[in-house]
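Just the one chain here, laid out as structure tokens, in the form predicted on its own.
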């Protein structure tokens, strides 16, 4: 159990992370302290996303067992499908009954912040010991000066492609600009290796590429004053591009969820998609020799940069939330702390070959990012990403807009021709204004 004094907690609150290096955690004499007196007879229910790579779940359960052995706290870990995790967590918050800890999505914590335990002490402790949090983590997990969740990491999204098919289409790498990327996808389609990007309500994949696309042209759901500005010339230009890109897609992407492109890619139906490292993981660990052979032909690249001239990636960040109805809030916070410590966190990243990228800067040096160069593009996932409520303030409205898939639905309508880009943008504007209450 970690022992922490109030004096040191105040030091952390003042920002005492100057002595931290990325090579070695800060010396305990200057590290934060955490007065977590685990409740007698405590037990925990933990709800988290269902696995996309087996190593993630296997090591998570092993780490949870280790926590029980060290503390005596029984931990029951439950998994939920990606699409159902958010509504299940929201129901728990609404009825004040359910798991003690939920590892949810994006800015879920901002949908019901008053229902969550303040976890500032845990966040300050971890930040001081492990080199500090990336700025985007504070956007997602802080409300004012208070931490309402603790970021676990993010399932990074990159362009995943077949190397040999790229060369067959006349390209040595994924172009870093939007016109070049469109030409690549058109050339792949002409060679019988279409692109495929999810346009259904896919929590990770659809949100990932749709936000990237709109932001890359300068479109935004809201501006810095939280005014809805999605119906803009920049958004319409992005949607016109989406129409051209959609013509290179394999049929059926309008109904794709977060497993659809994985299956299609491993079945050799796709030349390129956006995804976490799970496709590569599945190929490397496959028992089917044909699928296993694909691993050597798979590689990853960053998203192209659009007219705005900078990366506009969004990735699937996972916040750990402790609900106030829990009878054992200290045990819950201590479990979150334990799972983020080096002794547990690095083996978990290794087991899932970096499927979740770190929120704490210290872990940039983890060997998982260099043991295989195909892992390296995922290392800076949280360092480079924007937040889903960009460029506004995370809160009730941004969380609701994301949960309602307004951005994804707009892109799907325009890309497929169900609505014109102008009409799709106008509808998105009206839908978002209901939440931002203009």
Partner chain sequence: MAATATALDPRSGAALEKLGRWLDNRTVLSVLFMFPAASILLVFLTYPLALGVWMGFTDVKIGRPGIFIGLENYISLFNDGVFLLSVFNTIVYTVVATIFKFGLGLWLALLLNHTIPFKAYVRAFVLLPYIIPTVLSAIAFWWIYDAQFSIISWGLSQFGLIDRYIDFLGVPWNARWSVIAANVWRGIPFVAICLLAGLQTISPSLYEAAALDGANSWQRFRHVTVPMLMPILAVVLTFSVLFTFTDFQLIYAITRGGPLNATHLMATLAFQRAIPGGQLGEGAAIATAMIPFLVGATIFSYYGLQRRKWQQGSQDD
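Positions refer to the first chain, counted from 1. It should be emphasised that the depicted structure is a prediction, and the values quoted were computed from it without experimental measurement.
Omitted here: the form predicted in complex with the partner chain. The next part is about that form.
K.L.:
Please identify, from 134-142, 158-166, 290-298, 88-96, the stretch that has a heavy atom within 4.5 Å of the partner chain in the predicted complex.
P.N.:
Contact-bearing stretch, as computed: 88-96.
K.L.:
Answer with yes or no whether residue 36 is in contact with the partner chain in the predicted complex, where contact means some heavy atom within 4.5 Å.
P.N.:
No, residue 36 stays farther than 4.5 Å from the partner chain in the predicted complex.
K.L.:
Contact with the partner chain in the predicted complex for residue 71, defined as at least one heavy atom pair within 4.5 Å: yes or no?
P.N.:
No, residue 71 stays farther than 4.5 Å from the partner chain in the predicted complex.
K.L.:
Though only this chain appears here, would residue 412 touch the partner chain in the predicted complex if you measure heavy atom gaps against 4.5 Å?
P.N.:
Taking the distances in the predicted complex, the answer for residue 412 is yes, it comes within 4.5 Å of the partner chain.
K.L.:
Check residue 325 for me: does it contact the partner chain in the predicted complex (non-hydrogen atoms, 4.5 angstroms)?
P.N.:
Close contact is absent here: in the predicted complex, residue 325 is far from the partner chain, nothing within 4.5 Å, heavy atoms only.
K.L.:
Using heavy atoms only and a 4.5 Å cut-off, determine which of 229, 264, 178, 286 is in contact with the partner chain in the predicted complex.
P.N.:
The residue in contact is 264.
K.L.:
Heavy atom within 4.5 Å of the partner chain in the predicted complex: which of 187, 305, 237, 254?
P.N.:
Checking each option against the partner chain in the predicted complex, the one that comes within 4.5 Å is 254.
K.L.:
Between 63-86 and the partner chain in the predicted complex, list the residues on our side with a heavy atom within 4.5 Å.
P.N.:
Contacting residues: 83, 84, 86.
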